[in-house]
Structures are given as structure tokens and as C-alpha cells.
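Presented below, as C-alpha cells, is a lone chain in the form predicted alone.
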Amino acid sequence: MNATRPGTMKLALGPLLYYWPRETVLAFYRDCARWPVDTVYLGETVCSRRRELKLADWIAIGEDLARAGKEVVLSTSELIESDADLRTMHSVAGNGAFRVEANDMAAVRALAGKGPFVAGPFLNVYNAGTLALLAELGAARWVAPVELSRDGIAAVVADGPPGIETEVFAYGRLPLAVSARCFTARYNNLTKDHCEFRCIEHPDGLALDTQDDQHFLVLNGVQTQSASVHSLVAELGEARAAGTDLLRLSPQSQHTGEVVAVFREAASGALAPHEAAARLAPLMPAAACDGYWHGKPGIVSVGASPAPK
């Protein structure tokens, strides 16, 4: 296992949100085996039409990562639209090899009473009562919704059931919404059922600007993301004080390993907050934001920017 100082928050690599070619994905996770992350989430969570890898492939990747000392978690889809999607979810839930992250209540029902699972960010846990219910069903960890503030997370942790781990989305473009419509297909004047898999052409999503040329959103198939990159690297002390056990870092097409390294140094105290933010800035595909953490509009940057020189 990766060595972590006592009291240091663990790092989790979230599920891959984008559609990459098969060989790109395999190479990415081969590299991941060497990164100082404690937990790796695997699987297709965004769109069931993305079939570069099947469940057997994800399990094989997971086995390699487990041999490298990582905790492996298989994630279910955030939107189930068909019987085929439901069958896939049950296959993930019953994989028998790895813990599962449930991202909708159907998955929770499939996992309830069958061992510990992770309550994913799309279950929308906003209060301690909901968390207590999920814990009774078997949740051993919850991932806070991306829009829940520092104070909101601290309140859930303070009043929630003891012993359940708290994971916070700490880096990446924020997954804001999911729809039955595919916006990438619509952008290309295609239907969802005949999308030609155009999202594979955009390894970090398709930027959407306002008429005033302001970076606003990113289209990722059926998922809508923030254009800015959410980062808590300068606020890890606050995250620890709020009760955070794991920091979730979302994969990007370039520099993910370097991003992980910066967060590891920052979490261990080897980098001061402003130094960590400055180190991270050139590795990011867009400007930083952290508004939701501070109870403000998500696009705002309060502490995420590097210190002025």
C-alpha cells in the first residue's frame, strides 16, 4: 500500500468521466499503478453507449491495480435509462471482486445487505438522516455532492453515523448534471442513437462559451460539466477539519499523475497551500474555481488561485 502519514487524508482517483480510446485507457491505468493514490474508481458512469471497455476489462484493470496495492471500487452509472442499463448495473453490483460505488438508488437496492458499498455523489446526500439510512443499508463511505459546501459537509459528518468515511470531490471539472439527451451529439447535428461516438474526439469534453466569450460549461455527452476546474488544493486544512477522509481527483487527459503528486505533497504538509496552488495551475486545462466549497456560486474562485507574486 502507499505510505500515508498518520492523519493525512487519502487520495482517490475518481471514475473516468470522458470517452477515450481503449488503448489510451489501458495505458492510463498502467501509469496509475505507480501513482501515490490509495483508491481507484473504475467503470463507465456517464453513457452506456461508450463500449471501448466492457465490465471484464474493468475488472482486469482492477486486478492489476489491486496487485499494485490500490483499493479498487467499481462505479455504477449515474443514469439508468433502459433494461440493458439495469442489467449492466446488476452485473457491476454483483461483480464479486471489488467494492461498488452506487450512483443511483436502484444500485443501492441491489447492494443493500450484501456487504459494504460506497454511496456515490449522485445519491445527493445533503443531511445526516439520509446518510444514516444509507449506512443502515450498508454504505461504508459517502461521497459528498459536488455542490455541498464545506459547512454543509461538516454538519453531515458531525450529526451522521459514526464510522462512515467521507470523500470529497477535490479536483476536476465538476459533473453538474446528466440528461437523457446527448448534447455532444446535438452539437454535431446528430441524434443520440446515431451519435457516431463524437465525444471520443474531445478527451476533456467540449467547451461551451457564452456569447460574451466567457468559458461557461463543458459538454461531455449526456453530462454537463463546469468549464472551470474545481480545486481544493489550497483548502486541504479546511477539508480535514470538516471531516474529510478521502480527496477525489477526477482524471484528465494530460498531467493527471503530476496533479496526484501535488495533492499528495499538499495533503502530507510538504507543500504550503499557496505553493500547491501555484504548482497545480500550469497542470490544469482551465482556470480554477472553488465557489461551492465556500457556499458561493460554483464558478467563483475564492482560495483556488495561486498567490499573487
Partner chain sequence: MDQAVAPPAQAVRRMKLVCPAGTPPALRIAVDNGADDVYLGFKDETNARNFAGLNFDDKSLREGIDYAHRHGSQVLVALNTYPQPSTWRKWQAAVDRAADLGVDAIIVADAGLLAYAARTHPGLRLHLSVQGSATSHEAINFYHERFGIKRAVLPRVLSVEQAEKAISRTPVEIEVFGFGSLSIMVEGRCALSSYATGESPNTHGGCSPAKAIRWQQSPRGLESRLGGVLIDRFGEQDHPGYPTLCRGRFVVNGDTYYPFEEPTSLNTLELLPRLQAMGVAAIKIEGRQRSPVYVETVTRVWREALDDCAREPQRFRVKPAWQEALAGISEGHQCTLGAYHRPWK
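The shown structure was predicted, so the numbers you read here are calculated from the model rather than taken from an experiment. Numbering follows the first chain given and starts at 1.
In what follows, reference is made to the form predicted together with its partner chain, a form of this protein that is not presented.
Within this chain, Pro21 is remote from the site of its partner chain in the model of the complex, having no heavy atom within 4.5 Å.
Contact between Glu81 and its partner chain in the model of the complex is found at the 4.5 Å heavy atom cutoff. Shown alone here, Val156 lies within 4.5 Å of its partner chain in the model of the complex, counting heavy atoms only. Although the partner is absent here, Asn103 is a contact residue: one of its heavy atoms lies within 4.5 angstroms of its partner chain in the model of the complex. With the partner left out here, its partner chain still marks one of 162-170, 92-100, 144-152, 233-241 in the model of the complex; by a 4.5 Å heavy atom cut-off that stretch is 144-152. Taking the partner from elsewhere, every residue among Gly129, Leu206 and Gly298 has a non-hydrogen atom within 4.5 angstroms of its partner chain in the model of the complex. Residues of 30-54 are not found to place any heavy atom within 4.5 Å of its partner chain in the model of the complex.
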